[in-house]
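Coming up is one lone chain in structure tokens, specifically the form predicted alone.
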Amino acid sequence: MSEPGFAERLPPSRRVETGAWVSGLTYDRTGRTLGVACGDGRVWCIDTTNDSPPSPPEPAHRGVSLSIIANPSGDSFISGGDDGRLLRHGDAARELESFKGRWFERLAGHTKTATLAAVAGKEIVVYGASGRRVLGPHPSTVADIDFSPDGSRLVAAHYGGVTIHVLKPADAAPRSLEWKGSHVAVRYSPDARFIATGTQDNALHVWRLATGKDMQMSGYPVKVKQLAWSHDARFLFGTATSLFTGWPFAGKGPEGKPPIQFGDEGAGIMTAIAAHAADSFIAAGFDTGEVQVGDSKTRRSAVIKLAGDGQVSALAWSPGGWSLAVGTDQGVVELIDLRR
């Protein structure tokens, strides 16, 4: 990565130093504002159209800002903290929920149904058109959540498997899919045929929803903390590897098939991953600070950020897919322009 002239071939970017670990990144629905959650309790709202350095905001949480998403029913952001508070950020921060002794570490939103879900220990608080609802308790603390593509269901990952909640009608019984061990990340496939989890046992676990049949892909060097499906549901990617590693799910699925692999093997171990919403691109950040964009169609990749600035802790694509935001555990945020 040190060859002469290499840095000049990187895409243009804008750098913001927040001074604290970046725990989450998200663009608002317009792409004009980037929301950043940080380890010192601050929530930054960075104007992406203005290159002037933003002024540091006052801490929003009394502790760590653990999570942030775009408000599914507006242009603001929603953040959760280890102070047990769920906040909405518009002109000023407004408290939506407070749970003493719990952390709001996982949030999910579905824009078409204008529904927000927040994990609070073994329970999930859901806000939608019909008001506030609490799901659970679950067998253990919920580690991650995700909406089905149409927003009709919400899946929760926890010890022993996942629980699928039917949100409408409200009295429908949840469905359980079981597998031993802790499940730390969960994602629906874009075609709603599969649910995938990353596990504490350094593996991926996947259920086929039509039949309940499951499959396991093991051999990762560390636990898989983040997952990303390609936009067309053909491939499932996860962190914890040194290369882009995509399991094929077209047709009958990955049984008996090897994964596709591509990328720069010297980049380190992947710590963050995010799929483009409308194309075959996958962004990956590594523990060295390097960021690559790979293409599952051509199986090629390009470095768009060199190593340095600490471990990549968060990635977010802009709504139009022409910009990628990168956050690190050393408090650096880079907005990378991919138009060229």
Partner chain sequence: MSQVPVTVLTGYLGAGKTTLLNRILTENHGRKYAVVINEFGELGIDNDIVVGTDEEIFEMNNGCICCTVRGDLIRVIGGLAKRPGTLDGIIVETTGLADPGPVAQTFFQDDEVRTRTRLDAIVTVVDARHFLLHVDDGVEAREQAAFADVILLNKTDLVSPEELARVEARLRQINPYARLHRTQKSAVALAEILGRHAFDLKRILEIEPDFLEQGHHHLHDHDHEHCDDPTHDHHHDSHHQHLENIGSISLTSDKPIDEQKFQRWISTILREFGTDIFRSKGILDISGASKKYVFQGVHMMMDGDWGNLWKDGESRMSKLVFIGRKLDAEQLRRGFAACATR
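Residue numbers count along the first chain shown, from 1. For clarity, every value in this text was computed on a predicted model and none was experimentally measured.
There is also a form predicted together with the partner chain; it is not shown, and the following applies to it.
In short, of 27 to 35, 299 to 307, 62 to 70, 46 to 54 it is 62 to 70 that has heavy atoms within 4.5 Å of the partner chain in the predicted complex.
Checking 23, 18, 13, 323 against the partner chain in the predicted complex, a heavy atom within 4.5 Å turns up for just one residue: 23. The partner is absent here, but in the predicted complex a heavy atom of 222, alone among 114, 250, 222, 192, sits within 4.5 Å of the partner chain.
Residue contact with the partner chain in the predicted complex: residue 241 places no heavy atom within 4.5 Å of it. Residue contact with the partner chain in the predicted complex: residue 97 places no heavy atom within 4.5 Å of it. Although the partner is absent here, residue 311 lies within 4.5 Å of the partner chain in the predicted complex, judged by heavy atoms. Put simply, residue 40 is close to the partner chain in the predicted complex: some heavy atom of it is within 4.5 Å. Contact residues in stretch 188 to 203 (any heavy atom within 4.5 Å of the partner chain, taken in the predicted complex) are 200, 201, 202.
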